[in-house]
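Only one chain is shown below, in structure tokens, and it's the form predicted on its own.
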Amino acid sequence: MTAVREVDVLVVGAGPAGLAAAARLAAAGAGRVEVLDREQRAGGVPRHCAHGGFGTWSRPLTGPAYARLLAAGAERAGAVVRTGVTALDWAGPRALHTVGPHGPGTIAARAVVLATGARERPRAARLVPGTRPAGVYTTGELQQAVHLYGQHVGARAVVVGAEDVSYAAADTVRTAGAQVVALVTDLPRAQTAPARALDSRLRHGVPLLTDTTVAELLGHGRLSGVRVRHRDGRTAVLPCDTVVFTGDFVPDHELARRGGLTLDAGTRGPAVDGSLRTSRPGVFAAGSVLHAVESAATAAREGAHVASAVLDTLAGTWWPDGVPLVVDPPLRWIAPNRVVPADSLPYVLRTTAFLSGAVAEVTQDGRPLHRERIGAAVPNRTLRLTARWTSRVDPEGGPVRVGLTGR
């Protein structure tokens, strides 16, 4: 029988959320803080995001530099970061079975932080028919192939999606020396900043096909083209040898699901309150496992935030269960998705509709709690809602509802 090793805090996932949580906990004297990650290097997704935009305005960094900074910060604070180790399943309320270079093991902790991130749904999960040729990628696969391994990805690529990550994928395609044939989205317009969409179309000559879906992949051995279908029923074939499916992220919630944690129906990640406590005492979650997918800065901020709740738990502080937080259409989800009056973490939301002059309205049992101007609402882009209203929540009342109106 494998011996059980004990730590004070076990963090699963060495991306921005997990590393930020570990650094804050270790620096605060939480005891032995250990971070596990199945990848061979810590840092999460930023490791293969070679573009800038990470860090702060005063210290802008590329993704790999940001990943190294976070990993070094966690280790400097005293956390132990173990890579190449996979958490397989739960061995108890706060214990996990693992496997790594030295074989299987079991780790028990006083508190567990799930920071397992998110993943893009591949072609098969999107139910795109056709043959099974080479040259089909998700954004993460593309970035790893190009930026980590220097691989050739083809000569002509179609990018499926028109959100921020889609334009980042198009940049990676060009970095690899290939041409972007088109970006394809089933929505009526791009979901990135107008300046970015205009730059792609005018400076790089990339057409954006709106109200259009990929109906079929063509080719044997290597992709030879994609058949697209426009909303009016017309079809066309775009010759290409590479296709990149972007966006459509889902939380990597396997551990949460296997542990019987309550999952939120909207985000499909663990349901948490504003302190990022899950339904299991002593188990917390932070980062994109809660809401697929947000920026590295948001994940790191949540990792730092969850550390305070973990420290309270280690000190024996009691915390109420909270009231469910639900959204009305056109909102898709909100995170965190439970609320107690003391919560202070800003909320992130997603919508299914394009709205200008959007206003969020928060109510409980028909009683207005808060009204806040959000601005422009765009599918696949983050909306933010302050937590200034949480003190007005009745802990014994019904669910708190968040609605969105606009033009």
Partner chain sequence: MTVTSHGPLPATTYDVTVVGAGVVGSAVARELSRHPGLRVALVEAQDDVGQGTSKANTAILHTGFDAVPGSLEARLVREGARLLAAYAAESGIPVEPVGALLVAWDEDQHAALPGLLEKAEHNQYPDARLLGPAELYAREPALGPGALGALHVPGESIICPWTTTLAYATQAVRAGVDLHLDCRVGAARHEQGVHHLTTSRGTLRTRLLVNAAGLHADTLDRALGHDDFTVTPRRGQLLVFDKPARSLVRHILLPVPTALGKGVLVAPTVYGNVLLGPTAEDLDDKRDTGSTAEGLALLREQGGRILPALLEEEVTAVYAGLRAATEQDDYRITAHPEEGYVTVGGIRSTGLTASLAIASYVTGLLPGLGPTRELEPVRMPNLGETFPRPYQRPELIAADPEYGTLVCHCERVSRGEIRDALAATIPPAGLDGLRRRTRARAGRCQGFFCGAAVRALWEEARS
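Positions refer to the first chain, counted from 1. Please read these numbers as outputs of a predicted model, since none were measured by experiment.
One more form of this protein should be noted, the form predicted together with its partner chain, which is absent from this view; the next part is about it.
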- Would Arg119 sit within 4.5 Å of its partner chain in the predicted complex, counting heavy atoms only? yes
- Message: I'd like to know if Arg76 sits close to its partner chain in the predicted complex, meaning any non-hydrogen atom pair within 4.5 angstroms.
- Response: no
- Does Thr262 reach its partner chain in the predicted complex if we count a contact as any heavy atom within 4.5 Å? no
- Query: How about Trp318: is it within 4.5 Å of its partner chain in the predicted complex, going by heavy atoms?
  - Reply: no
- Task: Could you tell me which one of Ala335, Ala309, Ala162, Ala87 places a heavy atom within 4.5 Å of its partner chain in the predicted complex?
- Result: Ala87
- Query: Between the options Thr210, Gln144, Gln191, Ser279, which residue brings a heavy atom to within 4.5 Å of its partner chain in the predicted complex?
  - Reply: Gln144
- Per contact check vs its partner chain in the predicted complex (non-hydrogen atom within 4.5 angstroms), the hit among 67-75, 318-326, 195-203, 100-108 is 100-108
- Task: Establish, in the predicted complex, whether Ser166, Gly177 and Arg231 all lie within 4.5 Å of its partner chain, using non-hydrogen atoms for the distance.
- Result: no
- Query: Mind listing which residues of 145-183 have a heavy atom within 4.5 Å of its partner chain in the predicted complex?
  - Reply: Ala145, Tyr149, Gln151
